[in-house]
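As structure tokens, the next two blocks hold two forms of the same chain, structure 1 and structure 2.
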Structure 1
Amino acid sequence: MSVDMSVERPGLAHRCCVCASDDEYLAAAVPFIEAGLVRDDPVLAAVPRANTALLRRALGARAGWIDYTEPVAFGHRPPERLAALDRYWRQNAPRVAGGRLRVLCEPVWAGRSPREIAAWTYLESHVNVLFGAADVSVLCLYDTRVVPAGIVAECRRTHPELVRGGRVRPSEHYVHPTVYSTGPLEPGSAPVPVDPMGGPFTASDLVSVRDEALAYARRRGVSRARALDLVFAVNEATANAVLHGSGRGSVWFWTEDDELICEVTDDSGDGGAAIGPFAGCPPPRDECGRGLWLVRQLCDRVHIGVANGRTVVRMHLAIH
């Protein structure tokens, strides 16, 4: 059962096209862009430079009517991609009632580590929840000439709909993000080592904890700029523990492989804000969760969860 590409329900339309040639690429991309131009929707093409040229040639005189960005400039890491998408949405959102934001997206996979590939694959899945209610159409292009087969296979699990030959059909392999996050690519959290640095803290220790975070990161070879990102993140996590917990918590620092890890726990459990894999994920438009959103922006990986009635925020920072 397939429908025409122009059929779109309200809310997110997150579709994927697997293509193997320039012709197939354009056969999916150009109708997607044209549908936006007809309705005066904002259209953004976040594709590599070579394919930008391809699109421009295909669009001809209309090439100047849409926005272009390099995928790298449109969010260097998955949380930054979410922020960039949200920002574009804020700045361009509905020009007309019932309008949609359209993003043509070609994720970059070359040169990425397995961990980064996992993180970007997760983003593809999580977008379905995070932007689920937004009137946004995202068409992701997977070019089998440059994308490894394993990643192409995952795209059928992360996109609810597939595009082929101008027709859209539901993906048989689609997995809901809440289920997907326990799938084979789960980044996982190693247990805390036996001798981490740190200890319990209360409200009066927040400044000391920040100083220790900076000093520890610098000793472990983290650049000053990244160490200051950690300071911000640790400050938010500890302040959250003080504000939403019983006023005390614990903070631990250790290093593992090429990552510095900081874990902040408090006894607030899940009584307060919804804690889970998506906590602090949606770009917050209200007050709640803004701190965690920024923490996600600044750290390379963040895991937020509840263990034994304690809220655990584990922040990872790559040491380069």
Structure 2
Amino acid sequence: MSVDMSVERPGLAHRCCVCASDDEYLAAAVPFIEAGLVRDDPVLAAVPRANTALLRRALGARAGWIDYTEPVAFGHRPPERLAALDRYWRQNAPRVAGGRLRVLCEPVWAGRSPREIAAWTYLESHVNVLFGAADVSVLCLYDTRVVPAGIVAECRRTHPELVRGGRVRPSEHYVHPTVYSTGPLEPGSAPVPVDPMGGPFTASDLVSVRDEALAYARRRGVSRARALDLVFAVNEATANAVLHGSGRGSVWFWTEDDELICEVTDDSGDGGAAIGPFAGCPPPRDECGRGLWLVRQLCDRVHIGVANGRTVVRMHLAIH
């Protein structure tokens, strides 16, 4: 069963369109935009420059009624994309007055490593929870001419609805984020090696943990500025384990390909009840979660999960 794209229900509408030509691209994008323009809803197109030109030609005089940005400017990393979406929502929500915000976007997949692709795929899934109560419509475009088949297949699992032309139908392959995020590590991640640096910590060890983080990063060739980012991130993750967990944990450092990895675990063994995979994002509205949001901003990638009954915060930092 399919419905017209202009029909919206309260809350988030997170949809994807798989297209293989400019005509198919426009057949989904233009009705999505027009549905917003009819209601005077704020509309943002975060698409590559070539497709901005394509949209402008198709929309004609109406092209100036929407906002445009490059996908990279709308977030080069998943946390930046969350912050940008949250910021656009906050800035425009007052003028909506019962309407919706609409965002047309194309995730940047070219040149991504397998780990980066996994992180962006997780973001697509997480959006369904993080913005679930917001009156926002997001249409993600997957162009098979430039997006690999494996990524296209995954989009059907991370988006509740699919769009073809101006029609919407449920995705029969959709997986709820709480299920999609199940497991200690993101796809493609390796377990902790047998000989990492680090060890157990308590509140009295936090200063030495920060010193060890800085020294390890510098030995591995990380610039001082980025090494200090790691220090701040490690401090927030370990302090979180001390203040909100069992008061004790373990911290491990190792390198993998071109990344420095730090894993902080809360050794309470409570099955991760105190923290979930969506903790710290999007930017929290109150003090709770601000530390983990800082961690997500400072690192290139962060994954939160549960392993052997312990909460795991794994942070990745590019060495060069």
Partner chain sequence: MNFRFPERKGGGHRYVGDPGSGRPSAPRPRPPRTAARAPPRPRCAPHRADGTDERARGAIGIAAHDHHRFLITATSTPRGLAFTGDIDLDTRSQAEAALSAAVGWEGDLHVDLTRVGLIDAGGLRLLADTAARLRFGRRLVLRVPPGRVRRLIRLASVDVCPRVQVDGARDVR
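Counting starts at 1 and follows the sequence of structure 1. Here the rigid core means the biggest group of C-alpha atoms that line up within 1.5 Å when the two forms are laid on top of each other. Keep in mind that what you see is a predicted model, and the values were worked out from it rather than measured.
Between the two renderings of this chain, the form predicted together with the partner chain is found in structure 1; structure 2 comes from elsewhere. Relative to the superposed core, Gly247 undergoes a Cα shift of 2 Å or more between structures 1 and 2. Taking 2 Å as the criterion, Arg169 does not count as shifted between structures 1 and 2: its C-alpha moves by less than this amount when the rigid core is aligned. With the core held fixed between structures 1 and 2, Ile304 has its Cα displaced by at least 2 Å. Comparing between structures 1 and 2 on a rigid core frame, one finds that Asp257 has its C-alpha moved by 3.7 Å.
Per-residue C-alpha deviation between structures 1 and 2, core superposed: Pro200, 7.0 Å.
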